[in-house]
Ligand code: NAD
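One chain comes next, on its own, written as structure tokens: the form predicted on its own.
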Amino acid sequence: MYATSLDHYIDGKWMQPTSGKSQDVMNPSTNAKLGKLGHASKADLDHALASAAKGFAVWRKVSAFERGKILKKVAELMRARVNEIATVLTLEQGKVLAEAKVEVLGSADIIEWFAEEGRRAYGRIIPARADGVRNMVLMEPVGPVAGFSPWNFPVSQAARKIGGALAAGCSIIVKCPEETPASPIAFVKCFHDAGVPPGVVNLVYGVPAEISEYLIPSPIIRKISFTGSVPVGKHLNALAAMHMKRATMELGGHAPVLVFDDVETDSVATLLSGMKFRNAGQVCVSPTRFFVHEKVYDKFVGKFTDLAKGLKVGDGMDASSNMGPLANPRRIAAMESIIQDAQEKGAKAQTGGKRIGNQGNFFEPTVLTDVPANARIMTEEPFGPVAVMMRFKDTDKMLAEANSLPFGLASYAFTKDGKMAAKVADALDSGMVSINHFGIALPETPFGGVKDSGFGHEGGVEGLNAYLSAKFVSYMG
């Protein structure tokens, strides 16, 4: 079911890029070649820019009501094609097929929610100081957008950018991940087949730095949206600032989890194990630093470790697999390096810590204890299937440690004490806090971080407003 022709999409047409450069797309479970992806040339990017300008001129004049109808059709097509898109996603990214289906269906929900919310991009009337004067605030689409999405969620992250942009009346050029190109292609086909006008959505691939450094300075592009690592995000934000471009930055995290002594440890450990090892831990909001009260530490860590040991790691297409491979060989090397560093400094692996076999990018679910403060994993996002367990007794000291990193994307807490829940919700220095469940990343809720984890939001009304500009109009009748 994998696409044999990995086309780019520009001005409503599927096309092969003209640079003459390409790269192989690999299956992370088997190391087998899936296809060959061509890279966009500067001429292709100029074509996409001109297309986005033309598409914006058309799309901004389509009523929000009609835009919503088309976007709802996109969501319907995605749901009808969920098996096809999810299969391609698993083949190229590795996550188990059940997770891939959840991603595709969740992406359809994102598109549908933006379709509805785009109809409610209201302005307002401001009371005037003189008779006959009308002061109005009008919400207008910001203009053509350059979006950059990552390989860990190749469909849903593109959906957040395309959905918000199109609902607001913008056009977009989206550069999706080169390692996982076919699932975004299948996703964009839904826009084409739903009747989105040519030029409104454009999809390109190539050398990431070359594309971003060419698109962002273009006077056609009015906003950028980037999801990825902190270093790259800082570079792109600096480039956007040089050219006075609005930006949304959704960057890395190192999420703390607070487990208090009044919880039912087995059920909390079961929930957190599922959250930790989803997509092999390659999730920016994945719980990683576990602060567990000393009274329940041994029981919680024991249960969590047993659950990690019981996971079947295998090909994502195998229905019996609980966790798929890491997405690429770079992640294997990164995991080996950061875990070795921790162990050399005294950390103990209660389970895992090693690569599985030599075919595919499989890695053991890992639980580390007794990790010293100077281990790299205490300050660097591992972005893989590893959980770090730490005891705590004093809540205030633990909160200070949880907030000590430059990251501030997601945080989690588990307690039955309402006062404690309120305290940690106020104290945790992150853009999203979820207490007693996994309650983030829904289409209707804002998704974004603070500090080095970025700024701006995707999702919720905040995610729509990111693509709108407020225009003040005052006239005397």
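Since we're looking at a predicted model, the values are computed, not measured. In case it trips you up, residue 1 is the first one in the sequence shown, and so on.
If you look for the form predicted together with the ligand, you will not find it shown, but the lines that follow are about it.
Not displayed here, the ligand is approached by residue 208 to within 4.5 Å at the level of heavy atoms in the predicted complex.
Residue contact with the ligand in the predicted complex: residue 331 places a heavy atom within 4.5 Å of it. Although the partner is absent here, residue 381 sits close enough that one of its heavy atoms falls within 4.5 Å of the ligand in the predicted complex. Though the partner is left out of this view, residue 85 does not reach within 4.5 Å of the ligand in the predicted complex, counting heavy atoms only.
Of the listed positions (93, 171, 157, 248), a single one reaches within 4.5 angstroms of the ligand by any non-hydrogen atom in the predicted complex, namely 157. Residue 232 is the only one of 98, 220, 142, 232 with a heavy atom lying within 4.5 Å of the ligand in the predicted complex. Residues of just one listed stretch (223-231, 365-373, 338-346, 291-299) have heavy atoms within 4.5 Å of the ligand in the predicted complex: 223-231. Across the proposed site, 411, 448 and 462 without exception lack any heavy atom within 4.5 Å of the ligand in the predicted complex.
Contacts between 154-188 and the ligand, taken as any heavy atom within 4.5 Å in the predicted complex, involve 157, 175, 178.
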